[in-house]
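Just one chain follows, in the form predicted on its own, and it is written as structure tokens.
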């Protein structure tokens, strides 16, 4: 079992400042040279996850296990273990007589994911409104202030993990372990893939304002309002992501048509 812990992302609003711009090979070599509690497969998993989420390994492309092992300078064993975890996270799919491929981005799956997420995160907000501690609330408010400052400075956005994640903090404040496990373990990475590759550049400004209203409702202990605002927030994210995905698919189809003609 891999030790990699997955944390739920925020919608179009996490700064890329903290995201290192190192190459997969160099980063893996650095990690491998350090004494760490994580396994080599864990370290490779992070690198391949990032490559898939950012589209460096294109959606739908065939995965060559040997090529990946050579790229990261490791044996096929850790590579195979990492790919098995990616299958469970639905970033990689296998088909008979086809082999492993990067997951395709589809409108129907996007809608299914966001419908489930809306219900669960709405519940997390309702629970958080009654259970959040003063320390957790202060931390959430501090994070929101950091996000607003980053946006004002024109930072670009990449979904970061853990305590620098707006949605993650609310899910933690819900105090419901089963809810946390469902969101963290089941939806995280695939949602990141959709948002990162299908982000509308105008979305962060609106998303931050929506975050502010959600935090205010939680601070007022109004669980019903917080849940409603979160569901609306996620629905707006879904609409924007869907429109961008349709646009990207249309552009790709047009390019393929032109290539076939020429």
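The structure presented is a predicted model; accordingly, all values stated were derived computationally and were not measured. Numbering follows the first chain given and starts at 1.
Heads up, the form predicted in complex with another copy of the chain isn't pictured, but that's what we're talking about next.
key: Interface membership of residue 182, another copy of the chain in the model of the complex, 4.5 Å heavy atom rule   = Taking the distances in the model of the complex, the answer for residue 182 is yes, it comes within 4.5 Å of another copy of the chain.
key: 4.5 Å heavy atom contact, residue 120 and another copy of the chain in the model of the complex   = Yes, residue 120 is a contact residue.
inquiry  = Given that another copy of the chain is not shown alongside this chain, does residue 153 nevertheless sit within 4.5 Å of it in the model of the complex, heavy atom to heavy atom?
reply    = No.
ask   = Does any heavy atom of residue 190 come within 4.5 Å of a heavy atom of another copy of the chain in the model of the complex?
value = Yes, residue 190 lies within 4.5 Å of another copy of the chain in the model of the complex.
request  = Name the stretch: of 139 to 147, 122 to 130, 67 to 75, 165 to 173, exactly one has residues whose heavy atoms fall within 4.5 Å of another copy of the chain in the model of the complex.
outcome  = Looking at the other structure, the answer is 122 to 130.
request  = Sequence order please: the residues of 107 to 130 with a heavy atom within 4.5 Å of another copy of the chain in the model of the complex.
outcome  = The stretch touches the partner through 109, 112, 113, 115, 116, 119, 120, 123, 127.
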